[in-house]
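Here's a solo chain for you in structure tokens, the form predicted on its own.
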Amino acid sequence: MTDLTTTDGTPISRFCFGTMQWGGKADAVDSRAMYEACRKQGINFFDTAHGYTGGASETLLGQFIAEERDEIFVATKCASTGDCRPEAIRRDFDESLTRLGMDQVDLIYMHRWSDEVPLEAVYEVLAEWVQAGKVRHIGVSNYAAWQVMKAQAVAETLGLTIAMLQPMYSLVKRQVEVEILPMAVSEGMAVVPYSPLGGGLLTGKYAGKAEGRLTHDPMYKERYGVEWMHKAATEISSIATELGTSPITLAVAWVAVNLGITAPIISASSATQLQPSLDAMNFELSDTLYARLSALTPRPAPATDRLEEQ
């Protein structure tokens, strides 16, 4: 696996904080409080994107880390809209550097796959950034396993290695167990998954009649609008009550304990809301409890579909 460290040589933390809500649901004050809470817990890995909150996310992150830049691993993304044309990703990245107030990021992800732009054209731009010292590592987000390997083959011809993947992964979204995680372990790629709380479903918030993006946002309503997912959310809340902890802590710890996971991405809109996710950093998830939680949701079939091999 690529040696992923901050520029001062410190290994990236076991958890990553995602700044998607900074400048949106979280104002500057709440965002700063969450940054400080993460740093207090030893988190030095922060994730943002060109497409988050109209640029406010990157701007706030740049402000917060200015006095300790060398101690922080910063990952951002380009092509959030799926526009992977060289001129588009160059524009995105130039804007990101300006917002962050930096001349280099530790990692740049391609946020989306594109069937419209040749991979060679995309990765030639990434190679330019690496060679110019503007980027230390490259990664991909929301790629299927075959897309990762196809991109890696092109990247290698340019002297690049895909160091990090950012897929979706939670107790109710386990597709990465089929091919992405085995591939990443085999190829030595770091895996930093987003949405360990299932878009908020596993927080326990929706157990009653609470409303939020799972009830109002068509994309999230479609993504998590499955009966067995909501049943699992109710059951993990019951287990959390039994254990005297939060379902958030259990859900994040379940993702983090997987040997193929480098660092789950946690997030929130306030420091108070964030705390149960931070608590997962020190939560001891036994093999028995891991198995009990895993049994709440269907294990996806193997890639060969040979169920007897599962």
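All values reported here derive from a predicted model rather than from experimental measurement. Sequential numbering from 1, following the sequence displayed.
There is another form of this protein, the form predicted together with a small molecule, and it is not shown here; the text below is about that form.
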- Check K25, Y52 and Y194: does every one of them have a heavy atom within 4.5 Å of the small molecule in the model of the complex? yes
- the small molecule contact in the model of the complex: L61, any heavy atom under 4.5 Å: no
- Task: Flag G139 as yes or no: does it have a non-hydrogen atom within 4.5 angstroms of any non-hydrogen atom of the small molecule in the model of the complex?
- Result: no
- Exercise: P182 in contact with the small molecule in the model of the complex, heavy atom 4.5 Å: no
- Query: So, in the model of the complex, is I248 in contact with the small molecule at a 4.5 angstroms heavy atom limit?
  - Reply: yes
- Note on the structure: Residue within 4.5 Å of the small molecule in the model of the complex by heavy atom, from G101, G200, G82, G225, is G200
- Message: Can you pick out, from Y206, W113, F93, W129, the residue that has a heavy atom within 4.5 Å of the small molecule in the model of the complex?
- Response: Y206
- Message: To test your reading of this chain, name the stretch in 280-288, 36-44, 262-270, 66-74 whose heavy atoms come within 4.5 Å of the small molecule in the model of the complex.
- Response: 262-270
